[in-house]
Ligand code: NAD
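Given next, in structure tokens, is a single chain: the form predicted on its own.
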């Protein structure tokens, strides 16, 4: 039986930090479930991209990773006591969870899952917050994300979207 791992992120946008984590996970498991968290949220400063756009970013970026990969959009339910059950109902079965989020780690451990932390790759540089900030300030951001992510963001005019939704109505 294949060892299947679970990894969740918002991917706003998917960047080389995420990519490094997924490459490391692929060294430990045969199959990876990548959950696109907060899938119902888009068009905000912290979450400018839709679940479908993020799915494209991730799918095109992980094509060469040596593992079978399943990508599943996952909406929030705002009930921590039910969240793991919600996840289990929405994704294929898995045995190990990869996360650095203390709440995610706690909730899965309480349900008996093997939870592993992920070595972070240049976190101060590779973060969605930093990338979105650079987009808003017309600074260089494209080197922080895989080329397919640049393609998706350009296709949807994502930088213009982010700038427009960040304005106030005054």
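Since this is a predicted model, take the numbers as computed values, not measurements. Positions refer to the first chain, counted from 1.
Not pictured, yet referred to below: the form predicted in complex with this ligand.
Interface stretch in the predicted complex with this ligand - options 136-144, 60-68, 26-34, 121-129, non-hydrogen atom within 4.5 Å: This holds for exactly one stretch, 121-129.
Joint contact, 8, 38 and 104 to this ligand in the predicted complex, by non-hydrogen atom at 4.5 Å: Yes, because 8, 38 and 104 each have a heavy atom that approaches this ligand to within 4.5 Å in the predicted complex.
Contact of residue 162 with this ligand in the predicted complex (heavy atom, 4.5 Å): Answer no; every heavy atom of residue 162 is more than 4.5 Å from this ligand in the predicted complex.
Exercise: residue 153 in contact with this ligand in the predicted complex, heavy atom 4.5 Å: Looking in the predicted complex, residue contacts with this ligand do not include residue 153, since no heavy atom lies within 4.5 Å.
Residue 158, heavy atom within 4.5 angstroms of this ligand in the predicted complex: Flag for residue 158 set to no.
Partner contact for residue 85 in the predicted complex: this ligand, 4.5 angstroms, heavy atom: No, residue 85 stays farther than 4.5 Å from this ligand in the predicted complex.
Heavy atom contacts to this ligand in the predicted complex at 4.5 Å, residues of 132-162 in sequence order: The stretch does not touch the partner at all.
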